[in-house]
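Below you'll find only one chain, the form predicted alone, shown as C-alpha cells.
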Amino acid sequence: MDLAMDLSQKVGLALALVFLLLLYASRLEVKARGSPPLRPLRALESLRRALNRAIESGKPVHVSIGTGSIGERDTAESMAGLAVLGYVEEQGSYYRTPVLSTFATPSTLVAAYDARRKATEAGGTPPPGRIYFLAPQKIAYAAGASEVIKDEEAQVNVMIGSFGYEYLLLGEMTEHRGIEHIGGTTDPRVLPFVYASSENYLLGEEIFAANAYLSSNPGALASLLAQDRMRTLLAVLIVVGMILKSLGVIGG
C-alpha cells in the first residue's frame, strides 16, 4: 500500500513538473509570436455582441458566478466566472454601462469587489451598477437573483460558474422574460439545464478558456496552450500504455 501511494505521488509530481515546463514554454511562445489562433466559441462572441447592445441601450447586465466559493472544491469554476465578471465590469467602466452581480458566498463577494476595483483602474471610473450579497442557500439565492434581474430590468443575463439546480430557476425565468442569456458550467448534472435554457452556452472545460478569449492576457493564453498540450500528452501516454499492455510488455 505504501509503495502504491509512493508511486502515485511520484507520478503526480512528475505530471505537475511536466505541466510547469509546458506552461513556461507556452509563455515564451506567446511572448515571441503573440496570440495563438483560437477556435471560435459562439457563446463568447454572443457575449460581446450582447454587451454592445446593452451599451447602446444603457440597460444593465446581470452576472452570476453561481453558488460556489473560493477555497473549496468548486474554486476553479468560481474563478472562471470571476474572470468573465472582470471583463464585463471593465466594459461597464469604459462605456458607463450598469453591471449587476449577485453572490451567495462571502469569499466570492470579496473577489467581486476586487474585480470592480481593477475595472475602475482600467476604465478610469467605477462602473455603474451594484454588487448584491443574497443568501448562501441555493433556492434563496435563485429567488433573490431573479428579483434583481426583474427589478433592475436587466437586458443581458450571464451565468458562468458553479451551479446546481438553481441554474434552471434562473435560466427559465430569463427565457420566459425574453432576456438574452449566456450560460456555462462544468457539472454534468446541470449541463442539460444550460443547454435547454440558452442558445449560447459554454460546456464543461470551455468556461476555463473564457479568460484567455476575453482578455488576451499572455498568462491566460499560455495557460490555455499548456492545458491543451498536457491533455494531448496524457492521451498519447494512455494509448501507448494500452498498446504496451496488450503486447505484454508491461504487466497489469
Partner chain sequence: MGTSGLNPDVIGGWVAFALTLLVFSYLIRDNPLYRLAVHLLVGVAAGYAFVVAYNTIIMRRLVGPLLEDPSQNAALLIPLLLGLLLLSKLLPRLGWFGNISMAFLFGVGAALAIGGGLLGTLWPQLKASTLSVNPARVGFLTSINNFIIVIGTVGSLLYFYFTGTKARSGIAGLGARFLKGWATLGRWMIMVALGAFFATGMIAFISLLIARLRFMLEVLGW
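Remember, predicted model here, so these are calculated numbers, not experimental data. Numbering follows the first chain given and starts at 1.
This protein has a second form, the form predicted in complex with its partner chain, left out of what is shown; the following refers to that one.
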Using a 4.5 Å heavy atom cut-off, state whether residue 126 contacts its partner chain in the predicted complex.
no
Applying a 4.5 Å heavy atom distance criterion, does residue 31 contact its partner chain in the predicted complex?
no
For the stretch 18-47, I need every residue with any heavy atom inside 4.5 Å of its partner chain in the predicted complex, listed N to C.
36, 37, 38, 39, 41
